[in-house]
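In the block that follows, a single chain appears as structure tokens, in the form predicted on its own.
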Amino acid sequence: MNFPSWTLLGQSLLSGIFIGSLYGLLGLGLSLSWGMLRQINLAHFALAFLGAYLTFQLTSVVGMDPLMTLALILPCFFAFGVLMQWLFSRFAISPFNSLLVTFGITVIIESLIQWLWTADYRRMDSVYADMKFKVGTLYVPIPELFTLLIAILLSLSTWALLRYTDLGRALRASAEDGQIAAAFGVNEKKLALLLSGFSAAFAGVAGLCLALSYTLSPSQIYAWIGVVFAAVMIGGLGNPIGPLVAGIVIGVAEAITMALISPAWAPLVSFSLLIIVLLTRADKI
């Protein structure tokens, strides 16, 4: 095995941090809905890709700045999240059934994407695409830096909201024991609608970051599920910061593995870490 240069290792480390921040951003809404609403929302990934394709369409055809597309996408995704939670509550969907139902929604959204944009690969051209700056011998792409900053901002803001505001305390109380919270005047149903809406909106933000940095294809929806699930499980359900930290750890481990050994070994990293964490937590489960 030839040891790579320090420049290559440094660039790999940087790339791992950037891809890990996207893992964490994708896992943020999933962690909240799973940990606080008891819903395993597979449709979260399909929504992220739908957001990526809508960003691509609004940027490439309408000519909008990619960041400005959020002004249109986020309200629509928030409304969709509210509607989905209302339906789940109306028909008393159990946690296991939410997995099946949201998988069906994922297939529907994937088919919609293929119908509108076909299965061909799409790459968004934007003013940010080739922007980068140099730090020493390392290159820092602006789109990936956007993803890292957005992931940190959303994770910390959500953590602060849950910890230091009355709304956050009500959400946490409702998640821990809805009946007791309701006895103290907490409107569990309205809070669930709000949380589901924000989780869907977070998927829209992740879609923007996907469109900025990656080539899009409908089938790639399923390629992200495993590693993001691992980041959520390692980071902790309902923990806004945990998926980001776990995602960065996974991303860095994958990048270093690809640089030192082989890209074929990278997919083993996230699940190996997940198995280790689950084994160490086995006595607490």
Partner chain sequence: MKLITSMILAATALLLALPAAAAPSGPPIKIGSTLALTGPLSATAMIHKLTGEIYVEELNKRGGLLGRPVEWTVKDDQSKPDVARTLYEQLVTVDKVDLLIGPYATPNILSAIGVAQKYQKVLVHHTLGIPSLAKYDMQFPAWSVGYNPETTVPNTLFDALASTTKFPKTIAIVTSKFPSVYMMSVGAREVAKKRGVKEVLFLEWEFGNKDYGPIASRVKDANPDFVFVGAIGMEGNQLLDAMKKIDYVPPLQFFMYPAPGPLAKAPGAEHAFAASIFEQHPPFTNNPTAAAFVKIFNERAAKAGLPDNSVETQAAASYSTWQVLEAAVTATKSLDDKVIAAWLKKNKVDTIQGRLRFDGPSNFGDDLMRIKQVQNGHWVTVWPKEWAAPGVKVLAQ
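Residue numbers count along the first chain shown, from 1. For clarity, every value in this text was computed on a predicted model and none was experimentally measured.
One more form of this protein should be noted, the form predicted together with the partner chain, which is absent from this view; the next part is about it.
Is the partner chain in the predicted complex close enough to Leu8, Ser12 and Ala264 that every residue in that trio has a heavy atom within 4.5 angstroms of it? So, yes: the whole triplet contacts the partner chain.
Distance check, Thr165 to the partner chain in the predicted complex, heavy atom within 4.5 Å: Contact check for Thr165: no, nothing within 4.5 Å of the partner chain in the predicted complex.
Classify Leu153 as contacting or not contacting the partner chain in the predicted complex by the rule of any non-hydrogen atom within 4.5 angstroms, answering yes or no. Residue-level check for Leu153: no, no contact with the partner chain.
With the partner left out here, check for me: in the predicted complex, does some heavy atom of Leu149 sit within 4.5 Å of the partner chain? No, Leu149 sits far enough from the partner chain in the predicted complex that none of its heavy atoms falls within 4.5 Å.
Is the gap between Phe91 and the partner chain in the predicted complex 4.5 Å or less for some heavy atom pair? Contact with the partner chain, no.
Contact segment among 83-91, 169-177, 187-195, 113-121, judged by heavy atoms lying within 4.5 Å of the partner chain in the predicted complex: Result of the contact check: 113-121.
Please identify the residue among Met233, Val227, Ile40, Val249 with any heavy atom within 4.5 Å of the partner chain in the predicted complex. Result of the distance check: Val227.
For the heavy atom contacts within 4.5 Å of the partner chain in the predicted complex, list the residues of 136-150 involved, in sequence order. Heavy-atom contacts to the partner chain in the predicted complex: Tyr139, Pro141, Glu144.
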